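For reference, the chain that follows is the form predicted on its own, supplied as structure tokens.
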């Protein structure tokens, strides 16, 4: 091979390599986006797209049927603030949160600690039974409670009558209806949070507890001074989740058992939103209620994050 041919061959090889480098760089840059594309597209279509659509809808007057939509600005928000129904439902939602908070933290933590201290087949079976309300259909569960709480021959009133206690219209009395709905919903919080507390307990180092027993600490002292403080982070998380889900998880029981009554005593913001949109066919006001709920939850999350950071810094 002549020197000229060898030089041409070297140039071809370098030119081919130079053409390959940009293609490889582009491929390296695009590959992560290709993996992330399904998630990003799903978020855009099923989360952020509906959020934007709801925000736009909240500025319109639309009955879900007519092809004509009228721009009304912030009139839907003004109506929510000025009329008493939505603030009343917001206050009732706060009562639901307060009623369900012990069932989201104290009760499942106590049960999880007891099961954690008695490992074995019996604990596993008991844990499975406690988790059962999570997998049952919410509507079927609510219908079952309708038979239990029926004022005319319901199971609970029959038991009350057998022991000489006065019978009650649990879902028809404004003084007891909200607490009855809260108690029915509490089983889901207890069932799910037992698993979450159990996962937190599984990560604890048992050697510290064995050392405390050798030093003479009782089981109550170990639980109070060693176990419970290490579950503080989990308790804060589950408290915030209770604020988020209390209104959503009571919605089904309200819709099936009371429809917000009697005298709006069991109403909450999610059922009020549903009523605006699908009972009165006022989609704009329903969308404005949804936007306000998102803003309130976002503000609560931002406040809790700020307080937690200040506590860490302090």
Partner chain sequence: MSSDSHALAGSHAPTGNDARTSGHDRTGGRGGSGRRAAAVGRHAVLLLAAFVMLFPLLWALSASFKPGSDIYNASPLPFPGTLENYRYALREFPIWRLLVNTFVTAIGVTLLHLVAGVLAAWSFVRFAHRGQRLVLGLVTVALVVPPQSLIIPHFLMISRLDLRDSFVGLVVPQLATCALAVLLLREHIKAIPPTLIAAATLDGASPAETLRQVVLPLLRPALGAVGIVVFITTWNEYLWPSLAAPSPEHTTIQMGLLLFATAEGPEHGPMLAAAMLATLPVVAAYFLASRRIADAFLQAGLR
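Residue numbers count along the first chain shown, from 1. None of the values given here were measured: they were computed from a predicted structure. Take the two forms, superpose them, and find the largest set of C-alpha atoms that agree within 1.5 Å; that set is the rigid core.
FYI, the form predicted in complex with its partner chain isn't displayed, but the following is about it.
**Message:** Given the stretches 224 to 232, 93 to 101, 107 to 115, 80 to 88, which is the single one in contact with its partner chain in the predicted complex, using a heavy atom cutoff of 4.5 Å?
**Reply:** Looking at the other structure, the answer is 107 to 115.
**Asked** Any of the heavy atoms of residue 71 lying within 4.5 Å of its partner chain in the predicted complex?
**Response** So residue 71 does not count as contacting its partner chain.
**Prompt:** Could you tell me if residue 124 has a non-hydrogen atom within 4.5 Å of its partner chain in the predicted complex?
**Reply:** Contact with its partner chain, yes.
**Asked** Are any of the heavy atoms in residue 163 no more than 4.5 Å from a heavy atom of its partner chain in the predicted complex?
**Response** Judged by the heavy-atom cut-off of 4.5 Å, residue 163 is well away from its partner chain in the predicted complex.
**Message:** Using a 4.5 angstroms cut-off on non-hydrogen atoms, would residue 208 count as touching its partner chain in the predicted complex?
**Reply:** Output for residue 208 is no: heavy atoms all beyond 4.5 Å of its partner chain.
**Request:** Would you confirm whether the three residues 60, 168 and 175 all fall within 4.5 Å of its partner chain in the predicted complex, going by non-hydrogen atoms?
**Result:** No, the candidate spot makes no contact with its partner chain.
**Request:** Let me know the one among 294, 300, 23, 306 whose heavy atoms come within 4.5 Å of its partner chain in the predicted complex, would you?
**Result:** Checking each option against its partner chain in the predicted complex, the one that comes within 4.5 Å is 294.
**Request:** Output the sequence-ordered list of residues from 23 to 53 with at least one heavy atom within 4.5 Å of its partner chain in the predicted complex.
**Result:** The stretch 23 to 53, when checked against its partner chain in the predicted complex, contributes 31, 32, 33, 35, 36, 38, 39, 40, 42, 43, 45, 46, 47, 48, 50, 51, 53 at the 4.5 Å heavy-atom cut-off.
**Message:** Rigid core superposed, CA of residue 279 - does it shift 2 Å or more between the shown form and the other one?
**Reply:** No, the C-alpha moves less than 2 Å.
**Item:** After fitting the core, residue 132 CA displacement of 2 Å or more between the shown form and the other one
**Value:** Moves: no, less than 2 Å.
**Request:** Align both forms on the core first, then report whether residue 162 has a C-alpha shift of 2 Å or more between the shown form and the other one.
**Result:** The answer is yes; the displacement is at least 2 Å.
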